[in-house]
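Coming up is one lone chain in structure tokens, specifically the form predicted alone.
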Amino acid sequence: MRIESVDIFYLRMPEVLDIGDGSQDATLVRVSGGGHVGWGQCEASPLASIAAWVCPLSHSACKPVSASVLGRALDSVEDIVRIGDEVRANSLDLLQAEHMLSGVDIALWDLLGRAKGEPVWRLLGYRQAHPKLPYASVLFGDTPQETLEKAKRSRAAGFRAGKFGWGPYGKGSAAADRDQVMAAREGLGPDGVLLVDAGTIWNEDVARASERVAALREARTTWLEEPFHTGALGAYGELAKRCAPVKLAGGEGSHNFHMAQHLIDHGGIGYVQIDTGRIGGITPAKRVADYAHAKGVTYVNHTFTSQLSLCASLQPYVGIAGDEICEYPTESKAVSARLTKERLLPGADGLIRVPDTPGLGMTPDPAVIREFLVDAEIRVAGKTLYRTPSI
């Protein structure tokens, strides 16, 4: 079959807040071919991603992403790999290309799985899809009391693990951060898995990050996530030596396989977190999962948006039994929380399982798309390059 059409939908909450919450808008991708439809989602600014899809040619290594996708054959996994390689070659100097490719790649896997009647994880070569332990992913409260209440709610909802991030953490004193972490520990209970996300707050300041290590140990924190910018490999490596037994986690900022590879090889991380909506899709994410497994680093998904993104993010490592933990968004805004008809809910054992149905097994709800759809148009020299598609 051929890729006949690709439609990109810009969805957005009526009000977008200046907080660390990427669930407030969505770049939704629909790919059609051979009588089948596949869906994907980018974790990126919708309008910037759409521009990468339609922008005019600048030169031979700066072409619109669409030039490497539309009309291409899609009959095998190898075709998806080839399309991704072509995008990276033809859009080398278009820095938003990997973000746009992410949604397209996910949709191609979904489309191919639906056409072949196979779940994506089986197309990836896995014989079994292992259940994962979800951790409730929330923001730190403005006060330790708010954090305590969030942790209690997460535990009451059945989550045995919880991650707290962003908010005020890292912006004030080490003592204030200790209060936040200890509140999270108290709310989760003594046996809960506690994870902390610093949201790159210290840039590459190892000394400031080190001031928090004692409290993280005291609270029996499993990992400290993203203390620095993804590319600050030296800072990661130095802090990793100082914070044992707490491990470092990072990688959500990786926009290609090599960024994640460098973080594993030189950053001293114990957990590599990959967002399929940023790294270029399921294809490079699976490559990272394989590489991390060989290096003894635990692979974890990064997902703070929709159930479609959650399901896509689990596919690259769902066949790895030892990598048990997964991020599970619990505070998503309505545009993300309600996006799909299906939901991946924890079972009676507290674990989540991906569908055993063709493709990703997730279907965006047309009514929700219409409710949050942004009417947008991109025109250049009097020519319309993009207009909001119909749903």
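Throughout, we count residues from 1 along the sequence that is shown. Remember, it's a predicted structure, so these values are computed and weren't measured experimentally.
Note that the form predicted in complex with a further copy of the same chain isn't included here; everything after this is about it.
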| Pick from 105-113, 186-194, 211-219, 253-261: which stretch has a heavy atom within 4.5 Å of a further copy of the same chain in the predicted bound form? | 253-261
| message | When the contact criterion is heavy atoms within 4.5 Å, does Lys63 count as touching a further copy of the same chain in the predicted bound form? | response | yes
| field | Contact test in the predicted bound form: Pro131 vs a further copy of the same chain, heavy atoms, 4.5 Å | value | no
| Does the 4.5 Å heavy atom contact test between Leu385 and a further copy of the same chain in the predicted bound form come out positive? | yes
| said: Check Val354 for me: does it contact a further copy of the same chain in the predicted bound form (non-hydrogen atoms, 4.5 angstroms)? | reply: no
| remark: Answer key: of Gly34, Gly361, Pro346, Pro46, within 4.5 Å of a further copy of the same chain in the predicted bound form (heavy atoms) is Pro46
| request: Just give me the single entry in Arg82, Arg287, Arg178, Arg160 that has a non-hydrogen atom within 4.5 angstroms of a further copy of the same chain in the predicted bound form. | output: Arg287
| query | So which bits of 165-191 sit within 4.5 Å of a further copy of the same chain in the predicted bound form, heavy atoms only? | reply | none
